[in-house]
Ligand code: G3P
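One chain follows as structure tokens, the form predicted alone.
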């Protein structure tokens, strides 16, 4: 551009009080939800209130959690329907043996009995940066109370919850109730807090998703897909299109992205922890990323 033209342009700008943009404004990056997997499991014991609040402090906008059911029909936050030998000590203080962990069956215990187990003091060998602490598994309702208070006190944006129903056909009546009862119990607790619009319920098990679709047609649902499963075939078996498809990150490619867009589904992938994998996932048109390290995801998806 000639210097004389630039000089005239500047004079006109001062005279009119406006400065024309020399470059078009860059488009804003798409908002990708960062979901704290079991809270911030990389740093604090999984599926515990301290872990969930840490995830929010690190920048997560959604909390991913797992739920099971106790003997007295309370919804408990836990990945397994028993106390895992990897993270748990029994009421007597002794570490649970791998071969006996399923004997510590949550579905056969009252909630009061579950509080006698410690799921944080021995840490987690898979997460060397995790800080050990004495802590028990919370009720989902207690998690809601604690998180909503934390968000209000810190003046944070309203948080979303991604709740996974942990069930399988072989566990019916042994490790959890039948799908319809399981779905009803989870929905009831969500409704108590008026959180329906801020909750998505996910599962690998098609059955509770089908029950939820009948019980609450507007409830957001997500289909989880494991690394050895075919997302298209599993979706066909579900018989309806959920709000979200949530595959293992190894399955994500442009073809799957295009499939989700064609079906009108969001695409949220799990569980992405390594910085290189987070960077690779950032190249795809995702709606959300589930991670044990929310701070790492923030570095990739919030600071570009």
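Note that this is a predicted model, so its numbers are computed, not measured. Numbering follows the first chain given and starts at 1.
Not pictured, yet referred to below: the form predicted together with SN-glycerol-3-phosphate.
- Looking at residue 224, you'd find a heavy atom of it within 4.5 angstroms of SN-glycerol-3-phosphate in the predicted complex.
- Proximity of residue 88 to SN-glycerol-3-phosphate in the predicted complex falls outside the 4.5 Å heavy atom cutoff.
- Taking non-hydrogen atoms only, residue 127 never approaches SN-glycerol-3-phosphate to within 4.5 angstroms in the predicted complex.
- SN-glycerol-3-phosphate in the predicted complex is approached by residue 164, whose closest heavy atom lies within 4.5 angstroms of it.
- Not one of 160, 196 and 219 comes within 4.5 Å of SN-glycerol-3-phosphate in the predicted complex, counting any heavy atom.
- With the partner removed from view, the residue among 58, 244, 271, 70 that has a non-hydrogen atom within 4.5 Å of SN-glycerol-3-phosphate in the predicted complex turns out to be 271.
- The partner is absent here; in the predicted complex, the one residue of 111, 107, 204, 150 having a heavy atom within 4.5 Å of SN-glycerol-3-phosphate is 204.
- In plain terms, the part of the chain that comes close to SN-glycerol-3-phosphate in the predicted complex, with a heavy atom within 4.5 Å, is 58 to 66 out of 58 to 66, 250 to 258, 272 to 280, 235 to 243.
- Contacts to SN-glycerol-3-phosphate in the predicted complex (heavy atom within 4.5 Å) from stretch 32 to 51: 37, 38.
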